[in-house]
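Just one chain is shown here, as structure tokens, and it is the form predicted alone.
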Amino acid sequence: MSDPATVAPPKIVESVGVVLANDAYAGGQYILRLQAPEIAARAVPGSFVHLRCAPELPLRRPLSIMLRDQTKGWIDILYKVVGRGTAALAERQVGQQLPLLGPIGNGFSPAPRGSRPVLIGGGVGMPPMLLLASELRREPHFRPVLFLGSEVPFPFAPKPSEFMLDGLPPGVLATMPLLDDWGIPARLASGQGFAGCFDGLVTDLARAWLAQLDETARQSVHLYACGPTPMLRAVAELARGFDLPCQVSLEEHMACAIGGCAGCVVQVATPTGPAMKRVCVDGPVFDASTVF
């Protein structure tokens, strides 16, 4: 697998997105659909936009791209209301315009042909995993598996999956309907007792499935993850325990998102020693072993 930092990022454009939908879900979650053709054409799994949530708020917010349609020119963004900016974003109506920059950042590096990509997403870290899955499904030599976790209701109606996954507790059948439509096996995890979900952490769900693979099958696995830092740390430990390559997309507060302010730096291990890297333009995707 190539180093994520060596993958050329998409060209950043300044654009004005038009709100096509801004649908509310339980737990203060929203899915925003924006007409933004230039960004839809350039987005790669792992890239994000820097979006101005309201005219009275000069600072933009970084939000991951969840899905895109290059032909129709739209992008979908999942966000959760956690502060003034996202609260203002939740008030945006169909037809309103939102200034944005994007797509920003280095995306996920492709795994070798014939490998088994295993995607792990937690909370609002699910979007990059869904965009990656949407790209992987177009390649017949990949057989991705997804594990998604949330401690609030999922922003979709889970259903029993048509695809079996060995090594999981009885009754763990819930999936995202879109993933079943794509022919991708997936399971959901939560500690909130949601029907059909694994009762616990999404990393423990992934561990249970990885543990039942034989050594040959396990050696083909490449891990990809996005979510809160404790989850990513647990994924990195999972990768070390099974000796698997792993890429993670980090979440950090950002001011400029184009590398100028250095407000989102993290320490990264390099061949010449520790270095400070900017999550916005040097990431957000890094090799897990270099940041955890």
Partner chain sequence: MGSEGLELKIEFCGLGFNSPLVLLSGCVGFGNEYTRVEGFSHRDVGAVCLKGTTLEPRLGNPPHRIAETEGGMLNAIGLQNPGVDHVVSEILPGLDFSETRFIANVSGSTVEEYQEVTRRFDDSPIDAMELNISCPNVKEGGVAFGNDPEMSARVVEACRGVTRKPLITKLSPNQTDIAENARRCIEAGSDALAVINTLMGMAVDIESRQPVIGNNQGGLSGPAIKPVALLKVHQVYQVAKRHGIPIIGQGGVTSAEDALEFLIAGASAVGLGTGLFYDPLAPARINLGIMEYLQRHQLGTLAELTGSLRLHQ
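Keep in mind that this is a model prediction, so the values were computed, not measured. Numbering follows the first chain given and starts at 1.
Although it is not shown, the form predicted in complex with its partner chain is what the next lines describe.
Visitor: Can you work out which of 28, 241, 230, 263 has a heavy atom no more than 4.5 Å from its partner chain in the predicted complex?
Guide: Exactly one listed residue reaches within 4.5 Å, namely 263.
Visitor: Looking at heavy atoms inside 4.5 Å, which stretch does its partner chain contact in the predicted complex, given the options 220-228, 233-241, 28-36, 59-67?
Guide: Single hit among the candidates: 59-67.
Visitor: In the predicted complex, does each residue in the set 75, 152 and 178 place a non-hydrogen atom within 4.5 angstroms of its partner chain?
Guide: Answer is no for this spot.
Visitor: Is residue 14 one of the residues lying within 4.5 Å of its partner chain in the predicted complex, judged by heavy atom distances?
Guide: Residue 14: yes, in contact with its partner chain in the predicted complex.
Visitor: With the partner left out here, check for me: in the predicted complex, does some heavy atom of residue 24 sit within 4.5 Å of its partner chain?
Guide: Taking the distances in the predicted complex, the answer for residue 24 is no, it never comes within 4.5 Å of its partner chain.
Visitor: Quick check on residue 275: any heavy atom within 4.5 Å of its partner chain in the predicted complex?
Guide: Residue-level check for residue 275: yes, a contact with its partner chain.
Visitor: Do residue 101 and its partner chain come within 4.5 Å of each other in the predicted complex, heavy atoms counted?
Guide: Looking in the predicted complex, residue contacts with its partner chain include residue 101, since a heavy atom lies within 4.5 Å.
Visitor: Heavy atoms within 4.5 Å of its partner chain in the predicted complex is the criterion; list the residues of 249-266 that meet it.
Guide: Residues within 4.5 Å: 252, 253, 254, 255, 256, 258, 259, 260, 261, 262, 263, 265.
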